[in-house]
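As a starting point, one isolated chain is supplied in structure tokens, in the form predicted alone.
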Amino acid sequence: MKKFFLIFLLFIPACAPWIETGGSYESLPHNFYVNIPQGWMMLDTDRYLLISGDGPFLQYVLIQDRPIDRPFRNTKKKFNRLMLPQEAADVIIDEITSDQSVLNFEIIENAPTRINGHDGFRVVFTYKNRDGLKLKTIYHGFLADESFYNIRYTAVNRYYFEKDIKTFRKVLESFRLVEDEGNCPGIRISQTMRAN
């Protein structure tokens, strides 16, 4: 996972800078609203929204929508719109465990859940990266129409995971799809933003 972040951080164009932010935010490319913690940094790209308080190698929340027909990098398994949430979870678990940079993968929890009214799954797991650093992730996902949405929190297992777990829960609770809110204009963008 660290290797993955190194790669995409190196290739982020100048038009997509890290922005210090906080408050309600509508990600136009991804069709959702979310409340970003005050003072955290945000990166909204064409593939995901990434937020972090202390830098993505220490902790981050990644929110992503992906077309269900987009192939994965590491698994040959695929989504289909009729899948049950636990079947979708199996696809994600296979994608992660097939990633050569994910070592000592261990599932702590794998259970169904609801994400703002959508039937989904929650997988909690730990792993080590190639540098031997132990990380912990809470991964929520659900299928909606032709997209798969996921909201995940990953942090260094020691100190950082517990430090920001309550913050992640607030972010998760604030998550809404735009169509679920009926395009509420009052939520559109009410955060302060400053280029870093």
Partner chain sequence: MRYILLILMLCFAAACSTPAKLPLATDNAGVDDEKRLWQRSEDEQKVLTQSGLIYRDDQLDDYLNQVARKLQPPEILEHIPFKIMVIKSPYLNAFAFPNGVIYIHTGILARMDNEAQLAALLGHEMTHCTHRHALKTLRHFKSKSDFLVGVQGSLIQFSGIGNLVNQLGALGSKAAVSGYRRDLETEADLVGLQLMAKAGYDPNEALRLFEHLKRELEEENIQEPFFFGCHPRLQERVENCKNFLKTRYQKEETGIKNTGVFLTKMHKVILDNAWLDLKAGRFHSAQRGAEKYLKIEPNDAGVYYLLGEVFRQRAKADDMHKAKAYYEKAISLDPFYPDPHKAIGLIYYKDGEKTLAKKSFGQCLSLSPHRADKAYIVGYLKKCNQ
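Keep in mind that this is a model prediction, so the values were computed, not measured. Numbering follows the first chain given and starts at 1.
Missing here is the form predicted in complex with the partner chain; even so, the following discussion is about that form.
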Of R47, R70, R130, R158, which one comes within 4.5 Å of the partner chain in the predicted bound form, counting heavy atoms only? R130
Answer with yes or no whether T126 is in contact with the partner chain in the predicted bound form, where contact means some heavy atom within 4.5 Å. no
Going by a heavy atom distance of 4.5 Å, is A89 a contact of the partner chain in the predicted bound form? yes
Please determine whether F121 contacts the partner chain in the predicted bound form, using a 4.5 Å cut-off between heavy atoms. yes
I'd like to know whether N116 contacts the partner chain in the predicted bound form, with contact meaning heavy atoms within 4.5 angstroms. no
What residues in 63-79 sit within 4.5 Å of the partner chain in the predicted bound form, counting heavy atoms only? R73, N74, T75, K76, K77
